[in-house]
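Shown here is one chain on its own, the form predicted alone, set out as structure tokens.
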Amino acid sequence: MLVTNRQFKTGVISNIKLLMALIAILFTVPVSAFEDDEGCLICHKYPMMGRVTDDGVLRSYYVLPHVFSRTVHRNVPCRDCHSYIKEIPHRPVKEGVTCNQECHSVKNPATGANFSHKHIYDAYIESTHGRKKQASGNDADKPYCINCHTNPLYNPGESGPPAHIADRCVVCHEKREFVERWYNHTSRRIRDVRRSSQDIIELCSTCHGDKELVDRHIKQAEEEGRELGRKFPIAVETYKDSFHGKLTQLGFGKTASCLDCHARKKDYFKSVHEIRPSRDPASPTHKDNKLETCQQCHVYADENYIALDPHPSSNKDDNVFRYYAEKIYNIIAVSVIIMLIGMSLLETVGRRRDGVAWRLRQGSTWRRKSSRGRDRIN
């Protein structure tokens, strides 16, 4: 059967369309998981979409709708944060999202105003960790919001409220979709979402345990004639040597972590954003606030108790008593071990002189009659 030129071209075009459709089915993520009124997922739905910047940093630009729909930002339209996008397809982005921006599509139910993290952002900027998103020099070492905060999932193990709860709420609120969204947000916030002590130590150690980073800041402070915290260079290692640190490493979850001392308990979730050095009168670790901070856990702590160093250092200039105590303890420990080994050697020599063989037998190395009549068998 002869095929005309036109039929051949039509067939090729059909096959190409079919192939493109199959590729789209294989590599396209379902987009029905949340509303995309602005059409951003036309491009950003494709996995592995991204590029390597001129600085050698890998930037990912794709969004997985079925994952994003379970996050705390699922109801925030893209351009509430990416407000610099004015057209689609948009021009290359030269500025990033900052966490103090206003959400024009999401209202604060308590005030009716546009929702914003600005009050938390302002507290963070004034803290010892505060920095702009686009930072340079040693400021770039400081943690920005996204270093500690991700876009967490709503209770991944739950698909929504139990039926008997949803049925009751829908009676007044009418829309089940609203009820499910409200439940996901509220149930996560009602739960204790604080990190564990182990997680906090690991998070803080990523910066405070980085020797090169610490040395950079020490050098900069010396050049500027600026004071740094006395324990700043050794914060992580001294904490791990402390009683609190050892218990945390053993998995005891109720031990004091960094934030139990350096953040206030009464307004914890705000205080963690405004960490201050101990010389600052507003810091929980300031000498005037230290007793109250310790009493959060140690109810009967007094002025004598707070004299104990939570970051015990073996440095002679930092803690003379601990320095000499460790020296003396090490001398005693080594001496005891040497004496024990010496006693064992003397005992061995004595038993060998008695003619007692050294062998493993019936649970003892010396169970044998002596050739000199000095039996060692009970």
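Just so we're clear, the structure is a prediction, and the values are computed from it rather than from any experiment. Here the rigid core means the biggest group of C-alpha atoms that line up within 1.5 Å when the two forms are laid on top of each other. Residue positions are given as counts along the sequence shown, with the first one as 1.
FYI, the form predicted in complex with ligand HEC isn't displayed, but the following is about it.
- Proximity to ligand HEC in the model of the complex, taken as a non-hydrogen atom within 4.5 angstroms, holds for one residue of Lys246, Lys175, Arg168, His104, which is Arg168.
- In the model of the complex, ligand HEC lies farther than 4.5 Å from every heavy atom of Asn108.
- Under a 4.5 angstroms non-hydrogen atom cutoff, ligand HEC in the model of the complex has Ser60 among its neighbouring residues.
- In the model of the complex, Cys43 approaches ligand HEC with a heavy atom inside 4.5 Å.
- At a distance threshold of 4.5 angstroms between non-hydrogen atoms, Gly160 is out of contact with ligand HEC in the model of the complex.
- Contacts with ligand HEC in the model of the complex, taken as any heavy atom within 4.5 Å, map within 126-147 to Thr128, His129, Lys133, Asp141, Lys142, Pro143, Tyr144, Cys145, Ile146.
- Val52: CA moves 2 Å or more between this form and the one not shown after rigid-core fitting.
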